[in-house]
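In the block that follows, a single chain appears as structure tokens, in the form predicted on its own.
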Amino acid sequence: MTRHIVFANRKGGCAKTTTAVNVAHSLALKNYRVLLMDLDPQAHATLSLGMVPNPGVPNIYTLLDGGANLEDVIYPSRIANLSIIPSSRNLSVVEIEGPCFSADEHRLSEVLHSKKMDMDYVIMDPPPSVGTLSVNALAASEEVYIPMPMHFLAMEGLAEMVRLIYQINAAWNPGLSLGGIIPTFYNKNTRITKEIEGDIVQTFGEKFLAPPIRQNVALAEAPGHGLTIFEYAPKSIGALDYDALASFIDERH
């Protein structure tokens, strides 16, 4: 059975795309067939795999617009077992036109679940906002993982994301649930990190606290070279942390 996972946070700068890309690669290294879906008009996940968004080829925009079938927009990456549906800058139109463009909040779900997919994982990277694209991704997924930096302002964004998950669950997707909360830009030696971790465990339970992603300059450098952390610095703490996170997600099943 294909697992549909979305990494989501309504606030930017939380390492959401970095997490989606590197978890996808780590799962592929574990011999899972993985599809990475770039739903962000900024196309950072596409760029992180060394691909340049090309409006002349079928992409996620043409899929949502009904101009292409699912099989037409899936491209193999240079990484074994990892395919991608690339983004398009035209996706910004979806956020502007909203449901009038994408039919309804179930547009992506209808496309993904209309036929059996030869994938173990579908990983979605929506934009850092609560708009049509993010709602479509949540409505099409079963598991949500929320990356969040360890500072108190991020707790507000976490609370808003949890409320959104409950709203999507009640209105459109009863199979949607919180998979885990991922501490990013992690420094275990700071008091604020310990306090936020304690708040997460107290509120959600320890099983929802995912392995943290420590601060690591290689993680910031890798996308600029169009590489994942496993290609750019496979022995870095960033690679170790994302491998541990991917194992956590895999075992959650």
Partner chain sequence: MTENCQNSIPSRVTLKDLLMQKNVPVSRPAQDNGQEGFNRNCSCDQYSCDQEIASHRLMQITDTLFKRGVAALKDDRPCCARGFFETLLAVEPDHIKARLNLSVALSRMGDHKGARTVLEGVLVNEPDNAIALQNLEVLDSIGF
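What you see is a predicted model, and the numbers here were worked out from it, not measured in a lab. Numbering follows the first chain given and starts at 1.
One more form of this protein, predicted together with the partner chain, exists but is not displayed; see below.
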Heavy atoms within 4.5 Å of the partner chain in the model of the complex: which of the stretches 175-183, 72-80, 85-93, 114-122 has them?
175-183
So which of 215, 203, 62, 190 gets a non-hydrogen atom within 4.5 Å of the partner chain in the model of the complex?
203
Exercise: residue 169 in contact with the partner chain in the model of the complex, heavy atom 4.5 Å:
yes
Just checking whether residue 208 would be counted as a contact of the partner chain in the model of the complex - the rule being heavy atoms within 4.5 angstroms.
yes
Does the 4.5 Å heavy atom contact test between residue 139 and the partner chain in the model of the complex come out positive?
no
Residue 165: heavy atom within 4.5 Å of the partner chain in the model of the complex?
yes
Going through 142-156, which residues have a heavy atom within 4.5 Å of the partner chain in the model of the complex? Please give them in sequence order.
152, 155, 156
